[in-house]
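Take a look at this one chain, the form predicted on its own, written out in structure tokens.
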Amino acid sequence: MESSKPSQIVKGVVEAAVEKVGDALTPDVPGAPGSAPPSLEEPTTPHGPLPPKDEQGAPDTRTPTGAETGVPKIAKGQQGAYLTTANGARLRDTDHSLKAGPRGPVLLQDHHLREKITHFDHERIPERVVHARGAGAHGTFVAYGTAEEVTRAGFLKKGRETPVFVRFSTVLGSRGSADTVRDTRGFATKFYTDEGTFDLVANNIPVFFIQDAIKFPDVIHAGKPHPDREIPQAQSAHDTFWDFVSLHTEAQHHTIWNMSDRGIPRSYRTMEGFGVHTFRLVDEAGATVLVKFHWKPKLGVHSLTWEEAQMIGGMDPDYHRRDLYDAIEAGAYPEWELGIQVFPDTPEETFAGIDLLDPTKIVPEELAPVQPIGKLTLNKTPTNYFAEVEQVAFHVGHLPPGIDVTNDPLMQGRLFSYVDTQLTRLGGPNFTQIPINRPHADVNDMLRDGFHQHAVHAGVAPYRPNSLDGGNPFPAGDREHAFVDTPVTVAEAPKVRASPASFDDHYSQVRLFWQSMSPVEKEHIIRAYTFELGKCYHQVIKERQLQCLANVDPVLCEQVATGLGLPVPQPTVPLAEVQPSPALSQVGREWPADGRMVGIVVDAQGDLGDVHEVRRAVFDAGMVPLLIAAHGGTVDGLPVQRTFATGRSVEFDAVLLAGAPAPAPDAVPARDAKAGAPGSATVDPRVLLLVEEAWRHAKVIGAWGAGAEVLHQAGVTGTPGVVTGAAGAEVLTEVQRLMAAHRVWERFPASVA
């Protein structure tokens, strides 16, 4: 798909919200916690709640049955200038319990204490069993019209704009786990169409561990922490996971994707999404095709290095969440194209010999190109995480007319599970009435009562047929765009617990993925398998997984076995002849750098002449510059965002050196362990450490003037991706060009082909 810069600016709000620092006008760096700067003293003059930040959005103000109210979105939040009880009675004090004298016992009649503590005690709800750790954002989807010939779905008609809410997530970890763990990522999108809500509940990996939903409890139990010690958290590097996938070999395809760079994405913004299953589309005439859905990021698909992922997990567990929200605040709105692979709807439901109902298989894009059908833009962050991101509820069965399911056995099980899980998590069957879940279409469902019923239904006859309510609600037909359950002929067969023979191939597509990787990506896969299996306690589990790898590729198996110190087994099945799919590789193309973070090391005592110009140029390129200095505050009138003590290379996509700062007063190992890194008497050792880390993570590094001395002392001068020049603007131009490839992988030649 075409790659283009989604935003040439650093958001109008940032350009408008300039702050005067000395004589320089500079855009704000994203991340301010509130919509107005705080005062030094506690405010005492009453006023209403502050408005949301400019980049924040909220669910539409609709009734529980989908009607527009016309009420501003802010009306759903707190009201008035004064503290009240939950019932609106104004309060004089919320700092002291009601007591029998200042030193006496607390009185039972203290209704405010009881209400406050009781509500606090019940603020938590059960977290999701899977996908507990997540982040979400509001946006819009605009259809290209290219899907009109294969589906009657109204939101896919040309030019139709549909509001959406997207939730990204990890799978295994708890709600409090880290963002950058090696794991599959969820990519769930709620389309608020005028024909009913459509939930495309996708992942960043196009296949799944299992072919039948009945195995879902097994794979999740295996991947979750061990039940005796509740460790390890949010990881697959342990015995139970590898015990399962090495025995249940249909999981091998998903596993190699997890072991690839896809398992540690750089950002939600640089992550593909896949519907996993095959869907059926229905056009106006009732004709059908089979499709697979794909999300293609306009910024390209990029990942972290494994060392980066581990470091970030300790330094900034909220890295992906912060990155998403900062990008939206900065105006680098994340964008994806939605595309479909289209297949004939034949009785066999296969394409090019691939069973389209097998969720452990892909159809290579070279065989069935992905056809763009619309564009998703995320442009608003949540106003309240719990109300929106935590309470949003997705369901594979939320389908508009024109989109239908297939007999994929994993998909069929999800049709039950997604509704069932909300009953406990969200307290009953009325979860679609929570504001973030409310449809943007008329609702007249005859469903009544239950916990948390917000609708006040009129009438006396919530049943059909009826005459007491005048026959309402009436069945809809084709003219009213009613949903149609596609009349698919089911082949005559006995009732059995079995899978078709086409599901038996567990290795050919694993080999296809491996053979499609670039040499550096293969190195990363070898390292991931070696690391994960090296964390297992039992040798037999390592040996069993090595046998699986022997059935994939001899080089992969031999390299991992060498790292584990184990013998190399021979394959037990013939190695498949496969045609590599270049579309599976992340390497070899160029993409925009919107929203990337650029660290600029400055020396307060050195030449700062080019820093103002470079900083402005970084902003103008749609990226975010962060100044790194020996101390906080300002340097030459510019705000410092990181110090040598607080900054680390993993925060930045590229590093620029505008000086060679001498060791700062706090460069004392007893105070900052990073200051104990090998260094010299002339450059702060933490700056050298930052450069060395960025270099080994294959990031672009640039320097001008005295900054070149840092490169010399770090020993990286003249290596690939290290840029020097006489002026900052000249260096930045070349750095930007190199950043288009995301990493400088040629810095580290691979040992495998």
Ligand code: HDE
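Start at 1 and count along the sequence shown; that's the residue number. The structure presented is a predicted model; accordingly, all values stated were derived computationally and were not measured.
The form predicted together with the named molecule exists for this protein as well; it is not shown, and the discussion that follows is about that form.
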For this chain shown on its own, do V130, G275 and Y418 all sit within 4.5 Å of the named molecule in the predicted complex, going by heavy atoms?
yes
Contact between G196 and the named molecule in the predicted complex at 4.5 Å, heavy atoms?
no
Using the partner position in the predicted complex, report whether A387 sits within 4.5 Å of the named molecule, counting heavy atoms only.
no
If you check in the predicted complex, is L304 within 4.5 Å of the named molecule, heavy atoms only?
no
Is there a non-hydrogen atom of H294 within 4.5 angstroms of a non-hydrogen atom of the named molecule in the predicted complex?
no
Since the chain is shown here on its own, which stretch among 313 to 321, 501 to 509, 471 to 479, 208 to 216 would lie within 4.5 Å of the named molecule in the predicted complex, judged by heavy atoms?
208 to 216
Report the residue, out of G374, P401, G186, P382, that has at least one non-hydrogen atom within 4.5 angstroms of the named molecule in the predicted complex.
G186
Of the options Q545, N203, T255, T270, which one has a non-hydrogen atom that comes within 4.5 Å of the named molecule in the predicted complex?
N203
Residue by residue through 143 to 175, tell me which have a non-hydrogen atom within 4.5 angstroms of the named molecule in the predicted complex.
R167, S169
